[in-house]
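Next up: a single chain in structure tokens, the form predicted on its own.
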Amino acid sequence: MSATTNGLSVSARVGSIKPSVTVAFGGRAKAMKEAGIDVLSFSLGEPDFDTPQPIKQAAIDALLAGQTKYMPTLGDARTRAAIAEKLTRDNHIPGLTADHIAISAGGKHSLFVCCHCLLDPPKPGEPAQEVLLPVPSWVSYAPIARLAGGRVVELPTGPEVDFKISPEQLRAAITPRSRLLILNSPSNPCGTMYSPAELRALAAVVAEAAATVAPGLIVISDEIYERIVYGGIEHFSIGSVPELADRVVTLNGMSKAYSMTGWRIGYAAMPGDFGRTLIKAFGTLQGQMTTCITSFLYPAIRTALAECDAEVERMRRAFASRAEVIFQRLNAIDGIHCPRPTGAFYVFPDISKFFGTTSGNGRAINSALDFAEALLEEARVALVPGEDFGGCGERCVRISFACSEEQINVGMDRLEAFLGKLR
């Protein structure tokens, strides 16, 4: 992407960014389907359910009523207050008002704006601000943090610890340059989550470090999958810990729990005086980017938060059933190791025992990317190779089970047949 044509080129900043591998494999699967090829896609993190009818109707009614004009950059006061009430009631985050909430064009946009409001590029001769990132992690965290000027410090995890960092590991990683810690529970791509006790232990480490070596340290807690839990672990917001609340930015949105991926609605929240300052900064940056989200979506947000718990629970139960099916199928395959999923709709199995083999069509498999490429071309199953998720992801593939149990079983049949032809 850094190539020059007739003296013209894109910026080095953008040229350094790797395209999203999840989008790439999802796009390939979609193109093959459109060409009439029978492909089963397990690549995109998109629920297969329709958006609940009351949410759609709220947007339709607002559109028909003429709510089609510009809105305040951060969202209207009524909807921001509804989100603050939700986070106070359900997540127990203290001290939130509408002034502590920013509504953005999707969860990824919220993350982008947050990182750019909190990170500065390093000055000449000075070290960069550090972004502590447990890996494997969602493919967009590291590129966005780097684009904002941060230096990503990976905290490696593995399936033997359900892809979770320890307090000791976090304490050892913090330095005076540590600016952000990004947490994602339940996790994309891992499908596991931290317990309340584990998050409280990490919070204690952050609070201790903020009082000593890292006074500017802030936690970004991405909780977009908070409603999709089924493994007996209660979702817990680290921003509810009193001694840390004013240092936590909670990111969330409507995409996953309410099956509203295409609506592009995310939000960020941070209590306290600095929270107000940060949210104002969100408004400044968003005002030069997107201004506001689509005006007739605000009633849909309020309707989702107030009226759609039953629909969310129905979808959660379906994901719980699918999680058990795919976990049992994968762990019945010799050579695959997969921790039990407890949240979100992903599994992240280690498939490295198949490295060094050759596929039925003669393709050498020496990496997760090789594995995913061969599986797509030969078995018509689209997964996401794990290299771009960081850490031990190079040995894994991400499988999204946001699809029917029938598709899961057919896909696992194809996977088993593919593996049976390796040599």
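Numbers follow the displayed sequence, beginning with 1. Predicted, not measured: the structure shown is a model, and the values here were computed from it.
One more form of this protein, predicted together with a small molecule, exists but is not displayed; see below.
Notebook entry, point to check: Does Arg179 make contact with the small molecule in the predicted complex, using a 4.5 Å heavy atom cut-off?
Noted result: No, no contact at 4.5 Å.
Check: Looking in the predicted complex, any heavy atom of Tyr230 within 4.5 Å of the small molecule?
Finding: Output for Tyr230 is no: heavy atoms all beyond 4.5 Å of the small molecule.
Note to self: Test of understanding: in the predicted complex, would Leu132 fall inside 4.5 Å of the small molecule by heavy atoms?
What the structure shows: Leu132: no contact with the small molecule in the predicted complex.
Check: Does Gly343 reach the small molecule in the predicted complex if we count a contact as any heavy atom within 4.5 Å?
Finding: Flag for Gly343 set to no.
Item checked: Contact at Trp138, Tyr141 and Ile224 by the small molecule in the predicted complex, all three, heavy atom at most 4.5 Å -> Checking in the predicted complex: Trp138, Tyr141 and Ile224 are all within 4.5 Å of the small molecule.
Check: Using a 4.5 Å heavy atom cut-off, which stretch among 333 to 341, 158 to 166, 100 to 108, 349 to 357 contacts the small molecule in the predicted complex?
Finding: That would be 100 to 108.
Item checked: The unique member of Thr303, Ser237, Ser255, Thr73 whose heavy atoms fall within 4.5 Å of the small molecule in the predicted complex -> Looking at the other structure, the residue within range turns out to be Ser255.
Next item on the list: Find the only residue in Arg247, Lys86, Arg264, Arg322 having a heavy atom within 4.5 Å of the small molecule in the predicted complex.
Entry: The residue in contact is Arg264.
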